[in-house]
Structure formats: structure tokens, C-alpha cells
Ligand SMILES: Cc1cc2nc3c(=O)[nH]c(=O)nc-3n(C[C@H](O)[C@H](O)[C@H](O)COP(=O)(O)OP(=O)(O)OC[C@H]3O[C@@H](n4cnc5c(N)ncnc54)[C@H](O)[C@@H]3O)c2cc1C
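Before any questions on binding or motion, here is one chain by itself as C-alpha cells, the form predicted alone.
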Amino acid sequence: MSDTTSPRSRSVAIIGAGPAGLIAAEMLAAAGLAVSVHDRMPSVGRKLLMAGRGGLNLTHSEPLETFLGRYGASAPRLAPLIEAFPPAALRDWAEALGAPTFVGSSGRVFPKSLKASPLLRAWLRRLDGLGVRFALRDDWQGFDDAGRAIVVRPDGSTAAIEADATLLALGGASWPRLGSNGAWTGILAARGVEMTPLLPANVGFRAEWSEPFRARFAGTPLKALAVRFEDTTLRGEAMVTAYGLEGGVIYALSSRLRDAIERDGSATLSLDLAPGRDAAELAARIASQKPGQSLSNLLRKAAHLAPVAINLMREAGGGPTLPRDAEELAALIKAVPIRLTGIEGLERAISTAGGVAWSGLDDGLMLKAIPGVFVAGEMIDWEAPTGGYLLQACFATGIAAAKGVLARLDAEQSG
């Protein structure tokens, strides 16, 4: 480190140009540090732009206590970080960039533009004004003996990055074509960093559909659905796919389904196809229908079921025949058993679980095994459902890691 005490004499190399890396770069540059951001892709924020195709769900408006509970086992470690940069702060940050937000009917928070690109462009202008330097197509390969980050440049040459601290924000291993390929896990594990295996999160699950059902209904949504697994019931939407089921309500249960399949070889969901009506009401409506009509027409009129829902009942029964008894039909509508036999891989996942173990980090998100190196975002072992929780935690951990860098550099300078 330089002998001068001028803040700009201190430098930080950030590896990874996603939300966690960019927000850390903003905070560190605003504090007066020289910041360089390195990424192996040709442009920044590629996963952010992909997320923006669905409206860019930044965060959620629910009470903070409920919000924090979405992070499951990692909530105790993430809670103070998110409390330091809560959803309201993220909305204020977006507003200051010229991207005001609104709360959707589900409580999710979106930019009013419903796009990621305007926000990202404004953000990059701000970073440019702060003097942040970008080095794209820099492929990080680890560290040299002096602790410097090593990158392979676009021309194939290797360079060591001189910096007083390094912050890694390399993402998990989902959407690898957008940059997050998980290659960093082997590099850090070889340096003694405590790791947990990367696993798919917010991902679809396999079901053994019949060929006629698969051919007809793959890509068809299941709306107004309640899904029960073990002691948890959630309402939302899902999608029938060629391989099984995916969608928000499935993603919200993905960690538990993943664990159950790993433990037991399969997991059985119970789908309520008419969550707003009880079984007795459904049975009465079914019994009151005119005799002689097809079962499909009867269910469409009495229970307002779409063809995909009716055929899903047949799939659960293992054949085309459904009971004609009104009470039996009503009971099946309220609890269609769907056996899930597997999980889609990391390449199809929206996010990942696993990564750097919390026990391998200090309170400033510095790696205990590699002093001076900090991590943020999906590299850390936490997971959350979709709904704004993923981006919120990426931003919050990016800011926490930046604070950790500042605290360490200040301590070194004063010492």
C-alpha cells in the first residue's frame, strides 16, 4: 500500500460486474477510492438485464420481519445486512437514478419503466462520474503469490491487478451463458476457503407426464393455484413444462423440494386447483349439474377448471378415467397429488444455493482464509425465492462488503 494518506491513493479491484459488484463499486468510489471493475463478459449487468425482461422485480414491499423470513436458514446472517440497506433504501437509490418505482398488486416492487436498461444506463453514468474504471473481457484466474488478482486479458495475456483490496462478486452458477459459471469455487476451495456445494435454486422439477399430456400442455400456465408440501401451503401460479413444473409457487418451495428429493428420491406436492372454494361447495356444484354431459364439461361449469387442470387430475390418477362421484371429484380438485422425481440442473436455475460458507467470512464479508479479499452477492451461501429477495440481498451484501473493505483499509492506514 502506498505511503500517502490521500484516499485516492487506495485502490480496490472488483471482480464481477453484476448488481453486487456495481453497488460496491459505487460506494467505494464515492468514498474516494480508486475502483476498477473486471468482468470476463463483454458488457456489464447481463443477468440484471435478463431479469429485467420480466419487469425487473427489485425488491418487495412486505413488512421487513416477513421479508427477512424469506431467507430461511441464512436469515440471521443476512438480517443485519439487509436492515442496513432495506427495501426502502433500494427504492430511494433507484429514485435517485431517475428510475422511480411502484408496488405491484402482489406487493413486488418494480421500476415504473418496467425495464432494467434505463436504470443500468443511468447507473453506469453515475459510476463513470465517480471515476470507476471498467476492464471487460478480463477473465479472473485466481491470485498470485503476492495476493494480487490474476486475469487473462482479451489478447490472451495474463496480468496481475495491483490493488489494496479485492472484492469478488462473481455470482453463483445459474445462467452460465450470462457470465456466472461457478468456476471460482475450485479456485477458492484450493486456497482453503470454507465452501458448500453449489445447488440449483428457483428451478423447475421433473414429473413423469404421459406423452399426450406433455405434447398438449407443455408451456401452459396453472393460475389461481394453491400448493401444499409437508406443512406449508402457498398460493400463486405455476407452469406445466415438457419436463414437469416450474413457476413462482414452485420456486418458493424449491429448497425444501430439493432436499426431499435428495433424501427420499421423490417428493409429492398436493395441488389445490380451486383454492377459493371448499370441498363441500364444489361437491354440491358438481352434483347439481345436468346428467349426461362429459366430465370435462361438468368440471368446467361446476369448478371453472381449465383443460390443463382437468387433465392434470387425470395424470395424477394414472389414466384417463376420473371418479364420477361428486365428493370424490371435489376431494381430488382440492388435493391433486403430483410426484416430483428430480430437479433441473444449475444451467436452468434462476439462482443458486451454496457457495462460500458463512463460517468462512468475518463480519465484514472478508474471507478468513484470504485476508484482504471480500465476497458479495450469490457467491455466499444463501438462497431466497423470487419476488425481489434475490436482488435485495445482492445489493445489501455488496454494500456490506464495501463497508468491510473501507473498515479494513482505514484500520491499515491508521495502524
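Please read these numbers as outputs of a predicted model, since none were measured by experiment. When you see a residue number, it is the position in the sequence shown, counting from 1.
What comes next is about the form predicted in complex with this ligand, which is not displayed.
Engineer: Should residue 356 be classed as touching this ligand in the predicted complex when contacts are defined as heavy atoms within 4.5 Å?
Structural biologist: Residue 356: no, not in contact with this ligand in the predicted complex.
Engineer: Hey, in the predicted complex, does residue 208 get a heavy atom within 4.5 angstroms of this ligand?
Structural biologist: Result no; residue 208 lies far from this ligand in the predicted complex.
Engineer: Given that this ligand is not shown alongside this chain, does residue 30 nevertheless sit within 4.5 Å of it in the predicted complex, heavy atom to heavy atom?
Structural biologist: Close contact is absent here: in the predicted complex, residue 30 is far from this ligand, nothing within 4.5 Å, heavy atoms only.
Engineer: Residue 178 versus this ligand, in the predicted complex: is there a non-hydrogen atom within 4.5 Å?
Structural biologist: Yes - in the predicted complex, heavy atoms of residue 178 and this ligand come within 4.5 Å of each other.
Engineer: What I'd like checked is whether 85, 149 and 404 together line this ligand in the predicted complex, meaning each has a non-hydrogen atom within 4.5 Å of it.
Structural biologist: No residue of the spot touches this ligand in the predicted complex.
Engineer: Can you check 212-220, 305-313, 227-235, 137-145 and let me know which stretch has heavy atoms within 4.5 Å of this ligand in the predicted complex?
Structural biologist: Stretch 137-145 is the one.
Engineer: Ok, 51, 68, 373, 361: which has a heavy atom sitting within 4.5 Å of this ligand in the predicted complex?
Structural biologist: The option sitting close enough to the partner is 51.
Engineer: Within 247-266, which residues come within 4.5 Å of this ligand in the predicted complex, counting heavy atoms only?
Structural biologist: Nothing in the stretch sits within 4.5 Å of the partner.
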